[in-house]
Structure formats: structure tokens, C-alpha cells
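The data below hold one chain only, encoded as C-alpha cells and taken in the form predicted alone.
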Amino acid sequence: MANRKKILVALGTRPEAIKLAPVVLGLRESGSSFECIVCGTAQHREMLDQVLSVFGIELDFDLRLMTPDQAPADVISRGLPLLMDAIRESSPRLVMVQGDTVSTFASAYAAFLSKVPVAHVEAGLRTLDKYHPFPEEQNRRLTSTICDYHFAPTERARQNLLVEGVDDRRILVTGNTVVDALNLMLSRENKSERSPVAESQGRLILVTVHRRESFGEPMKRICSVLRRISLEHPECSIVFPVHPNPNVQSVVRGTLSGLPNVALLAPLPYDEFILLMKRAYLIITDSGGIQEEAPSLGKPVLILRDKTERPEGIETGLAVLVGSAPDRIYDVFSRMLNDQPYYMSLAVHENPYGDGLASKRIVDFLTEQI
């Protein structure tokens, strides 16, 4: 026991927890090799707790950072000293972070200040525009300058890191761990198959919108076209798990409440959300993770963003970048609904983002390297 290598895994949001859960489980199942310590900033309190519960993971450190309508600077200013305390107390050999949230950067910087090496899961994603997405693009670029090990999900991500001068010996192309998480959930018996939403009639259109860049006018435009889709296509059921952020709640509920074929839900546990993705005819989202999950389920995606750091799906013909312009969203939606050959061209592909073995590759790499 005394010789096990300590790894502190830092996470703060629902997507981080989903994508790090298979790695945490892999580290903990590695026998005597590692002691995995999980530190949660709780940047997303309720949504983080949901995911951890589904995967059976408990926090060793709970920093409880979430406050109403918090700004990125608040998470950093309050989180940095607490993260350093957790690192000091646990004395890990390595700190592991994931993705591009404020918690990601704060955790990596805390490790740097503590002179502890950092590994970055999902390294190398880029739009090359520091304000799109904001603040995620700059979070991940700053994190890359700190990290010692870079787990790139795709070859394109690896090339981005090489262009920035990262030593190729410190990069491993793993695939995206979200595919591992998805496969793990699909392998379990899912009692929520009998839920009323799963049995809804007609074509189910799954919608998620939560990114900071969608706040304000983009959110209003997106909701206006969803209202149009609802009114002009009563045969479709729109299911929208609504993010708890007030910037999302106020616009979504103000525009879409009361429509008979629109279900506005609270955020769902991850296993239930996967059920919705399986049941959906298509997905309309600004999420990054859903772009990576949907191909494994054969679901076309309309991406509600002007730029994406995940171009593989667009290039492979799995997704369409539609932004927030109502006419553009409606036109692509209508074509997917009415043009079956076009729909099938978007739905039938192998997943370019991973094969479900990313977490194993990460654990094997760390076994050899640290």
C-alpha cells in the first residue's frame, strides 16, 4: 500500500466528471499501482453530484466553490488557495485535470505553484480564436503551457500541440474518454427505459444549451426558432433539460413554457440523459461532449455555435455547424426531418472521437511514466 503512486484528480463540472470517471475507475481498479484521490471544486454543485453518484465515485476533497451566478474570476480567486491546500495535504505524485473549464485551469495552476506535475485529459482542442468559445479556448491553451503530460483525444489535437511546441514524447493520442463513459452506461441495465419521456410520441428532438457564449441574444434567437419548430411541427416532441444557470432558465422558460410538445426538464442524471440521446431523432446543442457522444448512438447533431474545436464530426459528416441564426437552424432542421437520405448520411458513421479504450491507454501510460 505504501508504494502506491498518488494521483489527485481535480474536477468541477458535470462534463469533467463524466470524462474523468472512467479514468478514476481505471486507476482504482489497477490493483496496487495507484492511489486515486478525487478533488471536486463543485463549480457545478448539483450537476456534479449527479454524475459522481451515477458512477459511484465519492469526493476526497469537496471545495464547495459554487455561488449563484458566479463569474470565472470568482472560481479562480476562491479556488486556488483551496486547491493548493488539497495538494499540500495529499502530496500527490501527479495532478490530473480534464478539458477547458475554469476549474481545469485553476487546478493546473495550483499544481504548478505546488511544483507537482500535471496531466491533461482531452488536451489539444483548439478553435484558434481565444474568445470562441469563451472562456474555454483560453482555459485550455493556458492549461497546455503548464502540463507535463498531454492526453490528446485525436490526431488533430496532437498536431495542434506539436505546432505549439509540445514535446511529442509527452503526448499520447488516446481517443476521448467520454466514449468510455458512454459505453459504461450502455453496458448497465437501465431501469429508466420505462420513463414517460422515453415513451413520448413522435420524433424526439433533444435540445441542450448552456455555454456562456450562448447567453443573451444568441439564447433568445435559439429559443425563438425552437418555438417555431414546436408550432410548425406538432408531430415532434422537443425535450430540453434546462441548465440551472439563471441566464439560461429565464430565456428558455420565458419563451418555451406552455407549449404542448415541449418538455422543459431539470438536468438529468447521466444514465437517463443517455437514454434520451438513444431515443432522439436528432440533437440540437451547443455542448462539446454531446458532439463526441452522439456518433456512437448514430444521432445527427446541429451545433449551435459559430466555431467548434471538434471539427472531426463536421468533416466526417456527423454534424452541422448552424450557429444561432434562426433561419439557418430551421433550414437544416427541416432538411434533416424531411430528407431521409440526407439524414442517414449524417447518422451512419463510426465515431471519430474514440473507441472506448481511452482510459485504459491513460492508465497504462501512467503506469510506465510516473
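Numbers follow the displayed sequence, beginning with 1. Predicted model, so just to flag it, every value in this text is computed and none were measured.
As for the form predicted in complex with uridine-5'-diphosphate, it is not shown, yet the points below apply to it.
In the predicted complex, uridine-5'-diphosphate lies farther than 4.5 Å from every heavy atom of residue 161. Although the partner is absent here, residue 210 sits close enough that one of its heavy atoms falls within 4.5 Å of uridine-5'-diphosphate in the predicted complex. Contact check for residue 268: a non-hydrogen atom falls within 4.5 Å of uridine-5'-diphosphate in the predicted complex. uridine-5'-diphosphate is not shown here, but in the predicted complex it comes within 4.5 Å of a heavy atom of residue 288. By the 4.5 Å heavy atom rule, the three marked residues 9, 153 and 180 all fail to count as contacting uridine-5'-diphosphate in the predicted complex.
None of 269 to 277, 72 to 80, 214 to 222, 252 to 260 except one has non-hydrogen atoms within 4.5 angstroms of uridine-5'-diphosphate in the predicted complex; the exception is 269 to 277. If you take 130 to 169 and check each residue for a heavy atom within 4.5 Å of uridine-5'-diphosphate in the predicted complex, you get nothing at all.
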